[in-house]
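Shown next as structure tokens: one chain only, the form predicted alone.
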Amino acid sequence: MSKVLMTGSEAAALGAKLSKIEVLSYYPITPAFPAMERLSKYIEDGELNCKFIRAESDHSALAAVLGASLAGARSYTVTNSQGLLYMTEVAYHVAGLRQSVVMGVANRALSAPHSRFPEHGDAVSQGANGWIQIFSENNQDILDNTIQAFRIAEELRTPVMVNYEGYIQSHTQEEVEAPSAEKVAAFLPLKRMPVMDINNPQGVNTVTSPDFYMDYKFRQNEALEKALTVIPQVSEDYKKEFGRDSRGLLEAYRMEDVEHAIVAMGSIVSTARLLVDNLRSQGKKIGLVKLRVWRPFPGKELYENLKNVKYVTVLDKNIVFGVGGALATDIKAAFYGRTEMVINSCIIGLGGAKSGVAEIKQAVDSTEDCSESKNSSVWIGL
């Protein structure tokens, strides 16, 4: 296994290359474009045997990989922000048709006002569409999560979205351990599941009756619930093969005998680790829970890690208007009636706003100033 200095975009592209994708379609959008550019070069240089489809929109890009997946090909695309919103119609089709598409999302703030900077609003907008969503803390996560995503998707026949933040990760270089193509091939053998067959033409997604529709959606939900078991198993298999622990659904960091826990997902986790280490050195009983998987939501696992703490500071790089942070809302729902803890929803880092150690400390302090769980959110850094 070799160590290479690479950006998050390059890590996403390398993960897709090592996974031996067979169809790639995309429409250029910032900041996701560099991953597509690198994959295009792999194809041009003969390093990746893959059909490259130049689409006229993000909507068409996802429609193309959906068609490829229906034909049995391992398919991939990358997008973000408004492009992901434009894909929404097709995203529901991909999930409803139970296709094992993998998509990288270089998270970027949504308009209006127009922004080129990161947050999680684009991913949160897709929280009900039936895709598994994995969040990446660093560039190593992006590579590992992308490879694992194909195995998860193909085992469950459910699409997977691998989230990483624009610029903070997509354009920033970090040292990444790159596994060998041979080892990845052994971990991820090609699993063809064609739906369409030119020798046996048939209709797909025809109009259904109410009874069949509801039964179908029940089974689709079953697959998402099964993912709560499959994802940790794939993570464990990956650890055995490559020696790196992706932690399954979540990671508990310094959570022994804590009174206060920070919960976060994405790049802000690394900054929160620094604050936890600093406060621990001062004798404060504080820990961190890194949520790796947001959909399906691992409520039971979160509860087991947080049930004995007094304060929970949730760092949300998103806002569901009139409700609050999406992650905090999910945690409050999962814990309703089961605990007396204070759960504080902190909106932080929207559109690239400051979300450093000082801002996270402000969020922690605001939680301990609460006497009970707040219905409204605390906005950090205004």
Partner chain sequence: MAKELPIVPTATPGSLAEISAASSWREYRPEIQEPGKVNPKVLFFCPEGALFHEEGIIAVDLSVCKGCGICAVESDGIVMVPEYTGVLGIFGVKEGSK
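From a predicted model like this one, the values you see are computed outputs, not experimental measurements. Positions refer to the first chain, counted from 1.
The protein also exists as the form predicted together with the partner chain; that form is not presented, and the subsequent description refers to it.
Just one listed stretch, out of 226-234, 279-287, 132-140, 94-102, contacts the partner chain in the model of the complex at the 4.5 Å heavy atom level, and that stretch is 94-102.
For D257, no non-hydrogen atom is located within 4.5 Å of the partner chain in the model of the complex, even though that partner is not displayed. Contact check for Q202: a heavy atom falls within 4.5 Å of the partner chain in the model of the complex. The partner chain in the model of the complex is not approached by S111, whose heavy atoms all lie more than 4.5 angstroms from it.
Although the partner is absent here, K240 lies well away from the partner chain in the model of the complex, with no heavy atom inside 4.5 Å. This chain appears without its partner; in the model of the complex, the one residue of K191, R244, K183, R157 with a heavy atom within 4.5 Å of the partner chain is R157. Contact with the partner chain in the model of the complex, judged by any heavy atom within 4.5 Å, is made by just one of E304, D215, E174, E177: D215.
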